[in-house]
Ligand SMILES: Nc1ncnc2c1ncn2[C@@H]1O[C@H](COP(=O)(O)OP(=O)(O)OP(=O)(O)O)[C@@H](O)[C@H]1O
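A single chain, nothing else alongside it, follows as structure tokens in the form predicted alone.
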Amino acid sequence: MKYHLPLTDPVLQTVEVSVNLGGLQILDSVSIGVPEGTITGLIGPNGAGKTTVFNVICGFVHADSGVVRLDGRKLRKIHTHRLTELGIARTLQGVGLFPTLTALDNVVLGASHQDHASVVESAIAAPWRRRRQIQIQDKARALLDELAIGDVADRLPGELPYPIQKRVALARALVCDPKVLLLDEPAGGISDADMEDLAKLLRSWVPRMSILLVEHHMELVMKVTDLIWVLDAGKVISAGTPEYVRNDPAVLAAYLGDEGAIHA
């Protein structure tokens, strides 16, 4: 298979990653890369294995073989609670917000690794720790403003429309200043107008970070990505620019029956 790829080293990559669950081959020697400072798409029909790739990168699923590399360095043991320390942030297919916390507090949680306090610091209420907490809160508020939802900072998720909850979840992922942002279907459940705003936001975040995007809305994928990897039945079947992928016979065959699935 001939790939049409940018000639840059990936900041994040999977190398020959395979996952077998209950005798079912979910991923079969999947190698993909995210060039630094780009938006990279990961697409494929339902059940292709896209979310499993995310789960391997994040440590939710352990690969039977293969490796994940960040900046060329093999990640030997990936702990989900330490992802942000590595410079990786992820959103979920849903929103995953804590219902009893305000929108602001949900966002602040995304930077929890920046507020590790020692027992002594906590016991004496160290003033520098308080300054650090204020800085994180200010940053969280600034992100809510950037996403045009600053007015919901003190409201609970259940009081907010779903598209607004999606933006809160985005802010929570961004607050840790990730090197790599993994977005799992960010356009799910939002309107066409919101999707247009999302496209502008995504492009505004590069090149200061690299984005790996799983998304079923092909219009959004074709509009914002620099590079696309295509999975089908757990295997990479194509990779290249949006224009190349859109016209690749292997991709058209994989999507056969999904009307309009790859049309921009």
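All of these numbers come straight from a predicted model, not from anything done at the bench. In this text, residue numbers run from 1 along the sequence as written.
The same protein has a further form, the form predicted together with the ligand, not shown here; the description that follows concerns it.
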To test your reading of this chain, name the stretch in 31-39, 219-227, 201-209, 44-52 whose heavy atoms come within 4.5 Å of the ligand in the predicted complex.
44-52
Do Leu21 and the ligand share at least one heavy atom pair within 4.5 Å in the predicted complex?
yes
Under a 4.5 Å heavy atom criterion, is Glu185 part of the interface with the ligand in the predicted complex?
yes
Are any of the heavy atoms in Val236 no more than 4.5 Å from a heavy atom of the ligand in the predicted complex?
no
How about Val56: is it within 4.5 Å of the ligand in the predicted complex, going by heavy atoms?
no
Among Val68, Ile26, Ala63, Leu213, just one has a heavy atom within 4.5 Å of the ligand in the predicted complex, namely Ile26
Counting non-hydrogen atoms within 4.5 angstroms of the ligand in the predicted complex, say which of Gln93, Thr100, Thr80, Ser191 makes the cut.
Gln93
